[in-house]
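So this first bit is one chain, no partners, the form predicted on its own, shown in structure tokens.
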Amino acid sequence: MEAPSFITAQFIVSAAVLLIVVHVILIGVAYSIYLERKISAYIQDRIGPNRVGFDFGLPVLQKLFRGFGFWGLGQPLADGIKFLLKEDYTPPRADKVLFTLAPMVIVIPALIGFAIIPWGGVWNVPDFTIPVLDWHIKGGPVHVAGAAVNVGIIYILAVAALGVYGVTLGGWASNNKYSFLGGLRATAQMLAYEIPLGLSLLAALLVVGSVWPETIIRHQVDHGWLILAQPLPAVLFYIAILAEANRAPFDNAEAEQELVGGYHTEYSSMRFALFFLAEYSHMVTSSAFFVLLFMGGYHLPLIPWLSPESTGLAAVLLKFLVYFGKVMLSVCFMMVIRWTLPRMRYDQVMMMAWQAAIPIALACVVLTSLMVYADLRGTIPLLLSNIALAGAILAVYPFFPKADPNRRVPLYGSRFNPMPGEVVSHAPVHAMAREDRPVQGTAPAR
């Protein structure tokens, strides 16, 4: 019996990919938090989580999971149980509807953006029959993606921009001035860094000539990865996705030193956990987008099973593993950046966007347009043009006007601007403070 018209091999494969990848991302997010704690521990010469196993310290489970407590791999599960059991507190003067809606608004875009990613390329599905329903499904080449659409790049841009609404709603609905300031910062930062993100994306798409994800990968298979041909747009794109995900050094929306905890200050229990889930899901989705554009997607050189022409099931599984491996390497690099670079001040974040990232991204688009117009789309010509542009930027930079936000303000009567005739001394007055050997200096001489 023939299946309904909309039940095709592509429909079944897309539904299976959506179901599988959502769970892979959720498990990956849980262990990304564990991974970040271990990476930060290694950077800071600590050990990190290493005690919690899958028995959670319960005698009933210790016999069942004996030998599975190594490396603290049960820590993410223990954290999840902790979030489920904690009190879910709502401030009395908060907007309860928006306060509850904000975590959902931020996590949903993070979990649907991956739908257009071609995780496994194209799979040549044979004809098959669904036994229970006795439906005969005609096979053929199908795209191993949640949604095989030719406007996939536009879709992921639109979805990624929705995440900031959850941050803004959470900051506003909490009725907390620190949360509100965090929401304002996130909104302004998103507006600023959406521009270099879109421009660097445009520079890559000008070279490829298509917004179809599979075509972008095929171009990189034939002509080399775009991170080699266009390193400047790649760096700008990576900086922009860090800022979009509120990751250090751009995490000013939750600056603990200034805003207590930022937009999620008033949240607890699972609503607080959803903000963390959204942040790490954004990291996975944006890293998948970066890998698609600049790192060849599922392609690795010199491995024939990873070419677009390989359409067998084994090749599809291998492509998925390679793609997800690249994504996790990018996520780990984001974590290393967080624990290596200090947080930038908010005015520095905005100045970097409007006075550096956006002009450089515009220059990249103009330069790429000229190279494409001259039909110089090869890796070497594009790389040389990027090197020339970087050299021009470094040559012109010393002549730009410099602002000093840390300059000393001449306050009349202060120690930096004393009144006429006043002698200012910065040295300590107390004898104990002047003594280089305080213990020996106060003890009686013998």
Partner chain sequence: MTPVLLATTDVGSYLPVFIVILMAITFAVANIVLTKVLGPSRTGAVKGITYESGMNPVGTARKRFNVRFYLIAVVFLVFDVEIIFLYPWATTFPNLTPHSSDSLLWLVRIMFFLFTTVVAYLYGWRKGVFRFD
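Note that the structure is a prediction, hence the values are computed from the model and not measured. Residue numbers count along the first chain shown, from 1.
FYI, the form predicted in complex with the partner chain isn't displayed, but the following is about it.
Residues within 4.5 angstroms of the partner chain in the predicted bound form, judged by any non-hydrogen atom, belong to 214 to 222 and to none of the other stretches in 214 to 222, 247 to 255, 333 to 341, 127 to 135.
Shown alone here, residue 19 lies within 4.5 Å of the partner chain in the predicted bound form, counting heavy atoms only. Contact annotation: residue 26 falls within 4.5 Å of the partner chain in the predicted bound form, judged by heavy atom distances. Contact annotation for residue 326: none of its heavy atoms lies within 4.5 Å of the partner chain in the predicted bound form. In the predicted bound form, no heavy atom of residue 299 sits within 4.5 Å of the partner chain. Screening 84, 321, 77, 303 for any heavy atom within 4.5 Å of the partner chain in the predicted bound form leaves a single hit, 84. For the residues 238, 276, 346, 165, the 4.5 Å heavy atom test against the partner chain in the predicted bound form is passed only by 346. Every residue of the trio 11, 108 and 350 has some heavy atom no more than 4.5 Å from the partner chain in the predicted bound form. Scanning 191 to 217 for heavy atoms within 4.5 Å of the partner chain in the predicted bound form gives 191, 194, 195, 198, 199, 201, 202, 205, 206, 209, 210, 211, 212, 214, 215 in sequence order.
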